[in-house]
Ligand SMILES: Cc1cc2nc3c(=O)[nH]c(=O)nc-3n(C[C@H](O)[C@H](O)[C@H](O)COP(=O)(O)OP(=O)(O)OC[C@H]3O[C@@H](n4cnc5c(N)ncnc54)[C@H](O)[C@@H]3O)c2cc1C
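Here's a solo chain for you in structure tokens, the form predicted alone.
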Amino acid sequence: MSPRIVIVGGGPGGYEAALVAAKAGASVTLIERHGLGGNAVLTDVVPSKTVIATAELLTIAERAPELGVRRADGGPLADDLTVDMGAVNARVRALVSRQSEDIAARLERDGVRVVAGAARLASPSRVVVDDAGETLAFDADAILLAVGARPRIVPGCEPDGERVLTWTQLYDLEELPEHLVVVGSGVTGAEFAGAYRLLGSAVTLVASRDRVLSREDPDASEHLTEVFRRRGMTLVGGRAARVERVGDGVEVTLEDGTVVAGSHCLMAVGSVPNTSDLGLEEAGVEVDERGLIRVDRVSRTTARGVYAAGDCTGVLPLASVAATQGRIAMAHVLGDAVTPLDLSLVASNVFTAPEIASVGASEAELEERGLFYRVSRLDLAGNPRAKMLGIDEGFVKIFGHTVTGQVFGAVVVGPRASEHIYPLSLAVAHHLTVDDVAAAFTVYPSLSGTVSEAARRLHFMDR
């Protein structure tokens, strides 16, 4: 008899696990209450990066005069461009729908049963679903919880969906905000603040610390902070205590009494897991003080036969990590070879302009661990391909062991950094040395040549 797998949640952790289990011959039921793709497809990654892609186009237009491209009347190309926010968001919604439909088609093709409704655990081996007043029950040999998270709501700063917004509500806007106040300078806040400034909104970013993305590499964070200021963004230090509608705008009152006025406010202050009303306690699934499900490195919860993946676990809020957790869970359930999750190998990216990509250990982590390392940093401005493209900012930074040359970690700042981090991700994952990276051929001219050159320079440093 085929193993019976029930998956609650249709985001990356859920649908990737469903595909793996179905291909391995399991009988798989996936339960989703909102739509296939989860936050990653419906309200977060796919829609936000689509808006950011539009904004990035405007940075290319800004460089056009340097490349010899102007309007017919000789003026700068960027001066003649405007953004139709309604059209941008219509495209976002169409792409989201198409991506969700593609996931549904893949699941159907592989024999996964998809059930719409709100699920909860009746026991560690049974899931019940409420669907339009009808209660369905599914017995399982293993259950995977991939229920995601939702925007955190700060008391006194509740969204109204019109002027005070979470990131899930931005895609209903028909007009570009005249002045967007973004509360929160983490990844979500930085991405949207940067994008809307490029799209043409005045932007004030409220940061709780002295720089944007304070948890990223200091050089990368300081570089992006300077880029934001140069583009005319206003950065204000502090924390929001209250957000109020005032006429056709908003007023954001900070804890120190400072008032920031704007036309709209985006609250980007983190997320909370969707773990309430799931029957977790009754089933023996432990959560921490924030409601996050406790899991080990193979995605097991404290209840036998129940696994969890994605943002509801708080391991690392990345779609790639959620998908990996889901696949690991299914491998463990089905007796396949299992490689426990190793967060030191995770590559991540902040989709600002320029992008910030990183992999492996940070410099702060290396210092804390007392490891001997050297740093090679090389600016993109000297790269011949970058010169051809009009790119004059960004850098590659590699951390290598002083004696062996093993690549401990890396940071790439620049256009498409998310693509250029991949060879360094391979190096970290497979314990390659800086000489291994430098010895591989790169195309000339190419932006990736800076990765090779940065690695080559570590070879000649005193060890």
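This structure is a prediction, so every number in the text was calculated from the model and none was measured. Counting begins at 1, following the sequence as shown.
Not pictured, yet referred to below: the form predicted together with the named molecule.
> State yes only if every one of 5, 299 and 326 has a non-hydrogen atom within 4.5 Å of the named molecule in the predicted complex; otherwise state no.
No: none of 5, 299 and 326 comes within 4.5 Å of the named molecule in the predicted complex.
> Name the stretch: of 365-373, 185-193, 238-246, 101-109, exactly one has residues whose heavy atoms fall within 4.5 Å of the named molecule in the predicted complex.
Every other range fails; the passing one is 185-193.
> Indicate whether the named molecule has at least one heavy atom within 4.5 Å of a heavy atom of residue 48 in the predicted complex.
Residue-level check for residue 48: yes, a contact with the named molecule.
> Just checking whether residue 318 would be counted as a contact of the named molecule in the predicted complex - the rule being heavy atoms within 4.5 angstroms.
Although the named molecule is absent here, residue 318 would touch it in the predicted complex, with heavy atoms inside 4.5 Å.
> Just checking whether residue 37 would be counted as a contact of the named molecule in the predicted complex - the rule being heavy atoms within 4.5 angstroms.
Yes - in the predicted complex, heavy atoms of residue 37 and the named molecule come within 4.5 Å of each other.
> Residue-level contact is defined here as any heavy atom of the residue lying within 4.5 Å of the named molecule in the predicted complex; does residue 341 satisfy this criterion?
Looking in the predicted complex, residue contacts with the named molecule do not include residue 341, since no heavy atom lies within 4.5 Å.
> Just give me the single entry in 205, 143, 119, 357 that has a non-hydrogen atom within 4.5 angstroms of the named molecule in the predicted complex.
Comparing distances to the named molecule in the predicted complex, the residue within 4.5 Å is 119.
> Which one, 252, 283, 213, 278, lies within 4.5 Å of the named molecule in the predicted complex by heavy atoms?
Selected residue: 278.
> Under the 4.5 Å heavy atom criterion, name the residues of 100-116 that approach the named molecule in the predicted complex, in sequence order.
The stretch 100-116, when checked against the named molecule in the predicted complex, contributes no residue at the 4.5 Å heavy-atom cut-off.
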